[in-house]
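Only one chain comes next, encoded as structure tokens, the form predicted alone.
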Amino acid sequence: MWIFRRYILLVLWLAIADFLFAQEPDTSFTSLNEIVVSAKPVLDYKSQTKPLSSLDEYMEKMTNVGLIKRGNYAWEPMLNSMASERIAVTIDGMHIFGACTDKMDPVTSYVEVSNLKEINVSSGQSGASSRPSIGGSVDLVRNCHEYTSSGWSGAVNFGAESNASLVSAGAKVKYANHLFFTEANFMFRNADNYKAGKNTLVNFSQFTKHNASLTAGVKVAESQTLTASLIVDNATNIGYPALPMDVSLARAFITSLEHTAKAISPAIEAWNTKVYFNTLKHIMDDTKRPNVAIHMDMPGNSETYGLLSNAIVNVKKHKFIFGISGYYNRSLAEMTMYPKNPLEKPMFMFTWPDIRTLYLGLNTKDHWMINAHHHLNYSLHAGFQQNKIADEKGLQSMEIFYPKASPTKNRFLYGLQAGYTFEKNGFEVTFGSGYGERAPSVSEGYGFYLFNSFDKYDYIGNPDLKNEKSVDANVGFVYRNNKVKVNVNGNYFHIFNYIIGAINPALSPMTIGATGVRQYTQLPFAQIANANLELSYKPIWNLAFKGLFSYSYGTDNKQAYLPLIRPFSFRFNVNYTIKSFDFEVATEGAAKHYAYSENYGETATSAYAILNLSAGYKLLLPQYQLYVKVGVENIADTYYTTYADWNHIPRRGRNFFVSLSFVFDKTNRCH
């Protein structure tokens, strides 16, 4: 509590300073740049090595972002070396919770790059306003629109890759006038089993995916708009070579209705309110696997109803954001085991016993531009969360391990953050800190015999876990001029009540082949540190060099290594443009992973480096644009695996690709 009280005093001090030092209105106010990574891939084909890359491939190149790979599809995002339990991943601020107990359906698997305007990555508490998190947040921001007389526009895309015979095809059509707009997107992807380096076939790595989205908006008044949105994503026949089961169906239905009012008064810049609903269905399947000891059906379902409302208020040199958020989620997963002997009865159990989660939160943030060189930002959020086991049989199952388990658990969650930025003559220095809390995930609190193929243990949840708490600090230095940019940044997280599975030798596993049983428990603390160096150099206007170097370190209270912590890794690109042609040479790799967690099934991964080449041509006509790009990845056909590849599943070997993009009336303008 001493940490929390100290941060409360800090926020109160800043609020008093706001009042004492506020000056006259300044129309030159600009928002403070936080430690936020923003990527804008829409139709900017020259910025992408492979224009029709999946969202997973695109995110993998972002700073501080890692992805856990269990197959060739639906990689689980990590931020600051923390997986999905400790970060918040949203689509336009909407909370979506996976329906799979094995994390085979992360939120990022339900959108396409072509639908997105940008990806906002916020580190630590700077991104925890609408949902408590420890590591930060990833918000997938979809395309925005202007009410103009631009009329019709659109694009058609096609891509093919030699490895896995991957085919990608998509189309977009858009119409806008001064009162109405609509946009429809469609993307199809299909892949066979891929080959790792040295022509090694990776079985059960195929997938088929269809994604469609529709957005429509109308002006209901001069400064007010109403926007409706729908995403339907359907993936089938998904192989997961690193897991004992595949997926026959992963389906999402995501919809929202949003009201936006701008320039309400001289002080109120905008007020945005959104209601949303999403439902996910996920079915694990082992019918295509040979030598299955016992056949299992494992369906999962997740439904979420939510509300977001944010007001932007300008008061003198301050930009305040006041918000409320809330959601109600239902997570239900079950397992039925069918013995080979037809005379034996099937065995049934809940793996998520119909967990209902209600969250209500308040948040406020202030960006204070003290003057042209000094900026300050701080935020505070508080929330109430209630978990409830709605199924009586599920409660009875939990009572086997926790006889005094209550069907309802209430929690209060708090977080605050403060940061400072100094900018002058191309130099920028930032530093800040934060305090945050999170509740256990559904699996950590209520999971029932969830098999983890990484360490070969069954996991059992613990509804009595305390809130996990974190104190974080970050620092950054940037220097830029017309030719050079240097960006050095790092962060440190000290996490109290760290949630992790501990072996319980008194319990017997249920999964055939499992080593034992782990129950979720809490360590006194754990610590994670991340450091990044980005270098850019442009000696002449059409030649650019860019490098990224990253390293992470994580240990528990006994100085044992934490699992899935990034070793030293690098990425280096050289881009050259001449007239309508562009060329790129890129290399990426990592050092040997020495700091692995043997306690949690990790083993060392070897150092590797791969080389990629690509070339593109853009044809510009008055109302049309044609872009063609060809390339080859992993030229040397290197066989390699990374620290985040589940059970050391190997990455793809040599891969040739070609993509064609045809755009008409390229009016992708947006405020």
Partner chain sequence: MKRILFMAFAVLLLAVSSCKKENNNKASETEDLTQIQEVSNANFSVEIWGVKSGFETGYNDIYFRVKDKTSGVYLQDASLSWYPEMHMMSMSHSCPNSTIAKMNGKQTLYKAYAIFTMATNATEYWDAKIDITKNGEVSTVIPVLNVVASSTKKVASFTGSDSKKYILAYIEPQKPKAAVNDLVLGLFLKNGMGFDAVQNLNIEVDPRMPSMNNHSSPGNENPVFNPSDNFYHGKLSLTMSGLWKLNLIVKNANNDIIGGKAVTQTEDSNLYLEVEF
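Numbering follows the first chain given and starts at 1. Since we're looking at a predicted model, the values are computed, not measured.
Although not depicted, the form predicted in complex with its partner chain is the subject of the following passage.
**Message:** Looking at 146, 464, 598, 399 here, can you tell me which has any non-hydrogen atom within 4.5 angstroms of its partner chain in the predicted complex?
**Reply:** Exactly one residue meets the criterion: 399.
- Item | Position in contact with its partner chain when the complex is considered in the predicted complex, options 151, 426, 539, 513, heavy atoms within 4.5 Å | Checking each option against its partner chain in the predicted complex, the one that comes within 4.5 Å is 513.
Check residue 343 for me: does it contact its partner chain in the predicted complex (non-hydrogen atoms, 4.5 angstroms)? Residue 343 belongs to the contact set for its partner chain.
**Prompt:** Is residue 457 one of the residues lying within 4.5 Å of its partner chain in the predicted complex, judged by heavy atom distances?
**Reply:** Heavy-atom contact with its partner chain at 4.5 Å: absent for residue 457.
*Contact flag, residue 547 vs its partner chain in the predicted complex, heavy atom cut 4.5 Å*: No, residue 547 sits far enough from its partner chain in the predicted complex that none of its heavy atoms falls within 4.5 Å.
Margin query: I'd like to check something about residue 508: if you look in the predicted complex, is any of its heavy atoms closer than or equal to 4.5 Å to a heavy atom of its partner chain?
Written below: Although its partner chain is absent here, residue 508 would touch it in the predicted complex, with heavy atoms inside 4.5 Å.
Q | Partner-facing stretch of 234 to 242, 136 to 144, 333 to 341, 252 to 260, counted where any non-hydrogen atom is within 4.5 angstroms of its partner chain in the predicted complex | A | Correct option: 333 to 341.
Original post:
Taking its partner chain in the predicted complex, which residues of 290 to 319 have any heavy atom within 4.5 Å of it?
Top reply: Only a single residue, 294, comes within 4.5 Å of the partner.
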